[in-house]
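Below sits a lone chain in structure tokens, taken as the form predicted on its own.
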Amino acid sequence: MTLFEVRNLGRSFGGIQAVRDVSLSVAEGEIFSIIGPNGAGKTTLFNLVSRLYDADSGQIVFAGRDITRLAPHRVVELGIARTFQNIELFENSSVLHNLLVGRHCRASTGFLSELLFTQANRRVEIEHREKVEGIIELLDLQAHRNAPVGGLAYGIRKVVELGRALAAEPRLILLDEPSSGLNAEETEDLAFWIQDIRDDLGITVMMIEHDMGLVNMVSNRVLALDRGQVLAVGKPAEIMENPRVINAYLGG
């Protein structure tokens, strides 16, 4: 079943067409990767989906609902979470508290009950803590749960950002270059986590990635972008052998 669609999406900045007539569909339970050279429009596409940018043209559909003009916080509430190329965490706060921030969109109590810390609020707080502890276990963050994020190694902070996105309980997670800055061992761990996110948590994954080894290892399908346009869509092996994709990466 199709969970997510982009139909003829376009966005320009001045005279530069960053995304041009892009269409794609992602099935529920799929790991769908987007590749392309620098400047291909990959992150702009994610920014359009998460509503950081407005589309000039086209349509974005999630779970059968048009979200093209939806407010960014409503997109998260509906079930789309993301990570960023540049880590966006509260560095003076602990890993645990950074993950709890991801639960904000799932808050169900009002301001007054939170102020008085009522019994209902306590139940919700326990639920949030249980969800976050499950993520800490999944991502092997137990040793760092109380550590300030700013003092952690870069690779660990990348994992914390992934965990914060998972804390929002998305149906679809957008990973923007998740292996950037990771070493070979950390990238291998990431590959297993991505598969676990899909298989154990039932979350559909869209991923922008330059590490073709990781793309080959986890992806069901791959879309190649160049200069804002779709070059090809298919299985990883098909994309890696596609002459247009090879030309975009290596030059012709």
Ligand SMILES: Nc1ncnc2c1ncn2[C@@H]1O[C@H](COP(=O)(O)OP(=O)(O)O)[C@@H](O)[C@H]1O
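From a predicted model like this one, the values you see are computed outputs, not experimental measurements. From 1 onward, residues are counted along the sequence shown.
The discussion below concerns the form predicted in complex with this ligand, not included here.
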property: 4.5 Å heavy atom contact, L231 and this ligand in the predicted bound form; result: no
property: T44 within 4.5 Å of this ligand in the predicted bound form, heavy atoms; result: yes
property: Contact of G39 with this ligand in the predicted bound form (heavy atom, 4.5 Å); result: yes
property: 4.5 Å heavy atom contact, A237 and this ligand in the predicted bound form; result: no
property: Those residues of 1-35 which, in the predicted bound form, come within 4.5 Å of this ligand by heavy atom; result: F13, I16, A18
